[in-house]
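Included below are structure tokens for two forms of one protein chain, each presented in isolation as structure 1 and structure 2.
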Structure 1
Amino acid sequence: MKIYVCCKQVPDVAMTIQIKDGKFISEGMNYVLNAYDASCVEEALVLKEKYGAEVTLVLIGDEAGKEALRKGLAMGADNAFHISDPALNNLGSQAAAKVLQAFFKGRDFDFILTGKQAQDSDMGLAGGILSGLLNLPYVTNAVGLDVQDKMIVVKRQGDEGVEVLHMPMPSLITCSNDMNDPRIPSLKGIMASKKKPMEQVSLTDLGLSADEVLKESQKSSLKSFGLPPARKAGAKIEGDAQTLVATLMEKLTKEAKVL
């Protein structure tokens, strides 16, 4: 069984995010493997340990993206592909899916896993677009995976509870970060990751040109970054229960007008 996991390197959201003149300040930021993708890697490794699957990682990004791939390899993935080219900086969902479509063309796999969204943009579009380009069955927001009778059993979080779907192979599945707790790479895993294959892939290797990628990127654009507006300070009401209820009801009906 062959499982591919699409990964992305993103800013560490635990750090202080700085915005200046509508632009994200990347200097001094630490970059990490996207949390949703880390859950994909963990789930793929669970299936590997259970069924003997081969787990391959794929990442689009600059030289620093190798660190995210190394983490996945240290967790236990078998090999990785790093798609890197100057034209691939700051890709939108449509362009990223187009590049991944070219990568997967002609490859054999049982299913592809991606995080349901990236924690930097939170768009949640690339997986769905990729499934359409590859003409693959698609399910999103998975919180559990298994394999039975050559079918992928997917537990996904629906609006009214957990839903169970049986998907044919090959399929594409996007995963929630509520799926599991990704393992922390051991020292042995970190050392072993340095010997695992990581193949560099260019646009030329994929049969794409910079103009083609630029055309896809122009289908959407990021205007600017901005911090959420500051909230007004809340009001503190004091008094006995009768006074509190009367004051609150007055504010809800006359000021907030929600009643």
Structure 2
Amino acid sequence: MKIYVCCKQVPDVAMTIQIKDGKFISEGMNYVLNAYDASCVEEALVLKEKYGAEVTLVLIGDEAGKEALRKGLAMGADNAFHISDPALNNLGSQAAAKVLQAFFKGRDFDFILTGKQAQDSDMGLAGGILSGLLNLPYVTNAVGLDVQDKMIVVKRQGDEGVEVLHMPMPSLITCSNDMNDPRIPSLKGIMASKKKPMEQVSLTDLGLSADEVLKESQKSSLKSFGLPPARKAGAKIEGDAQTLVATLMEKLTKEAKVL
């Protein structure tokens, strides 16, 4: 089996986000593998261990993106493609899907996994658009994957429960981070990941021009960033159960006026 995982690098949530004049300050920021994509890698590796597969990572991004790719390789993926070009900074979902479409043209695979969204933008569009461009069967929000009789068995979290779908190969599946608990890369894995193939791909390699990508990117563009207002300190109610309930009722009716 040949499984591709499309990944994205996102700012490390453990660090403080800094915004100046509506712009996100990326200097000094650590970039990590998007958590949803880490779940994709984990699931692909489980399938690889079960049935044998080649797990390939694809990422569009600058130098910082290499770190996210190396994390996936350190987890156990076999190889990676790093699509990078100055024209590819701050891509919208539409443009990213267009670039990936060019990447997948003529490639052979059984399925493509992508995170159901990225932790930073929370758009959740690239996977869907890509499936459209590649004309692939598509399912969202997977919480479980298996393979039976040349079909992909996808458990997806729907509104009213878990649905089980059988998908043909090839297909595109977007994954939830509820699917699994991604493995922590061992130090051995980290060191081994340095020796795994990571191929650089440019826009020219993909037969795309910067203008074409820019045009796609402009279909939706990000105007500015802002931090959410700081949360006000909550109120702590203390006392025995009776006092707790009484005070809470009082607050809900008189202060919050929700009852």
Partner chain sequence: MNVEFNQDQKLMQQSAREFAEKFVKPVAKKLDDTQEFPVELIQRAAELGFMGVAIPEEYGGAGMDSLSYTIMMEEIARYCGSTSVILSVNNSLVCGPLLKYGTEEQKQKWLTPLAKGEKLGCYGLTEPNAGSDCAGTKTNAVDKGDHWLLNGAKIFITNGSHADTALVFANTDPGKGNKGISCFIVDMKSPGFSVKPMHGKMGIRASGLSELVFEDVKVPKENLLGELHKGFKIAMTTLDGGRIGIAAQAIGLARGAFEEALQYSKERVQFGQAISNFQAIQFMLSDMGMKIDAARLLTQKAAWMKDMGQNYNQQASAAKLYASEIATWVTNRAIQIHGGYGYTNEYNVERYFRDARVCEIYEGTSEIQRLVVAANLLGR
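Values in this document were obtained by computation on a predicted structure and should not be read as measured data. Between two forms, the rigid core is defined as the largest C-alpha subset superposing within 1.5 Å. For numbering, take structure 1's sequence and count from 1.
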statement: Which block is the form predicted alone? Structure 1
message: Is the shift of Met198 between structures 1 and 2 large enough to count as movement, that is, does its C-alpha move by 2 Å or more after the core is superposed?
response: no
- request: Classify Gln218 as shifted (yes) or not shifted (no) between structures 1 and 2, where shifted means its C-alpha moves by 2 Å or more with the rigid core superposed.
  value: no
- prompt: Once everything's superposed on the core, is Gly207 shifted 2 Å or more at the Cα between structures 1 and 2?
  reply: no
- prompt: Cα of Leu252: shift between structures 1 and 2 in Å, core-fitted?
  reply: 7.8
